[in-house]
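Listed next as structure tokens is one chain, alone, in the form predicted alone.
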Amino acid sequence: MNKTKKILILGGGQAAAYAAKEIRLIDKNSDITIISDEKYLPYEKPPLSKDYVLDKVTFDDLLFFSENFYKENNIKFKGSTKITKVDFDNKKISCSLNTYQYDRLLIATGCSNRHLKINGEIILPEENIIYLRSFEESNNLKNKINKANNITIIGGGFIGLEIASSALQKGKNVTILEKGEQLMGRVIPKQIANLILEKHESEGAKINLNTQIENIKKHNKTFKIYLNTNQVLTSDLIIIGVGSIPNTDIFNNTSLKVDNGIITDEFSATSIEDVYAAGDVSNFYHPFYKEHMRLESFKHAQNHGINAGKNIAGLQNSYNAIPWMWSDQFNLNLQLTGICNDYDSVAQRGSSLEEGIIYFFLKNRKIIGACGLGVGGKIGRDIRLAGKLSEKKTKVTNQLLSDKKNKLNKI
């Protein structure tokens, strides 16, 4: 008689939840355990900077699956459990109180906030200096925004801009400091970044690009922020969003291959047999782009978790999903599919935010990426179709894409 296979999932986020669900759909018998250092069941994080801050949703609305789901599917969840030791040779992981054996292990430990450094000094969170990653941090953030008047946001990426949007809608004075020459510089094309900047400024935000912070000094309950432009800002709340780093420290002295995340193949397998990785922590091989990449997005975490689950359960399933991400700011919805760099030409579709504006990025007459911005969900359908055209390597022209009379689903 075969013994029950033990599957451990290290990490309690979206990739973990969807991997567990997928494994159980295929494999009714294996012992599945999710081990998380958070006490909460896996929950959705994008609303933490948006709808939760604006009191549009409750925490229960954020759960991917209810407690009953885990019980009914016999998926164990061990929260508030910090794994401190990994022994790949003997297939076990340990915390201070317990050791857990596994037959197959999925690492879905996600990312942590990158800390701001000024003159070599790390700026750690304190009473009125906040980083956002977890539900508890979002609760604290919401309370602090409600009490603050002058808010400074350091970092003009997705998180910083979404928080700025929420704070401005609450009537706060908001200043955004960004060291780069554009907002969302790592992933969003400049054409869309400029439209976002205009929207934030029209709503009252003060935005400083190409700005370095030279010092932050606390004075009673406020902060003085000294900039390289000789400006000195006064702020009673500082929110920092300067990127994130994959949670791989626990594997530093092991044989697991790590380079900007855990190296995996297109089947979510790591360099160690029976060990897989998925979501933000994985630097995975993408067969469509023929390169390794690490993505931090809601949809990727879900899809990559599902794919890892299939492979752990015994299916050989390649992960080749075209990247997709979104952001809601004020009444605008931003979406991106593919990768918007290394292109030959750009085609613009639409001329106003009311109808939606999309930029298509082409190489050898094929769409490699598309990014759009519009009121509500105006751009969603065409962005989704652009991803499908990219996936199918369909040849197009700038003229074809620019003319809105040409429906993308007919191409």
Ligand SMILES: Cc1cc2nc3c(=O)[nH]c(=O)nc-3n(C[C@H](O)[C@H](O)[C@H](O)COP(=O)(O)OP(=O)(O)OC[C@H]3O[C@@H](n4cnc5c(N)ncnc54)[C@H](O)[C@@H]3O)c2cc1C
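These figures come from a predicted structure and were not determined experimentally. For every residue, the number given is its place in the sequence shown, counted from 1.
Although it is not shown, the form predicted together with this ligand is what the next lines describe.
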Quiz item: Among 187-195, 125-133, 96-104, 67-75, which stretch has residues whose heavy atoms lie within 4.5 Å of this ligand in the predicted bound form?
Solution: 125-133
Self-check item: Contact residue in the predicted bound form, chosen from A164, I154, L183, A301 - any heavy atom within 4.5 Å of this ligand
Solution: A301
Exercise. Find the only residue in D27, D61, E38, D344 having a heavy atom within 4.5 Å of this ligand in the predicted bound form.
Key: E38
Quiz item: Might R349 be said to contact this ligand in the predicted bound form, defining contact as any heavy atom within 4.5 Å?
Solution: no
Quiz prompt | Close approach of G261 to this ligand in the predicted bound form, 4.5 Å, heavy atom | solution = no
Exercise. Tell me, yes or no, whether I238 is in contact with this ligand in the predicted bound form, where a contact means a heavy atom of each within 4.5 Å.
Key: no
Practice problem: Find out whether any non-hydrogen atom of G110 is located within 4.5 angstroms of this ligand in the predicted bound form, and reply yes or no. | Solution: yes
Quiz item: What residues in 4-35 sit within 4.5 Å of this ligand in the predicted bound form, counting heavy atoms only?
Solution: L10, G11, G12, G13, Q14, A15, A16, I35
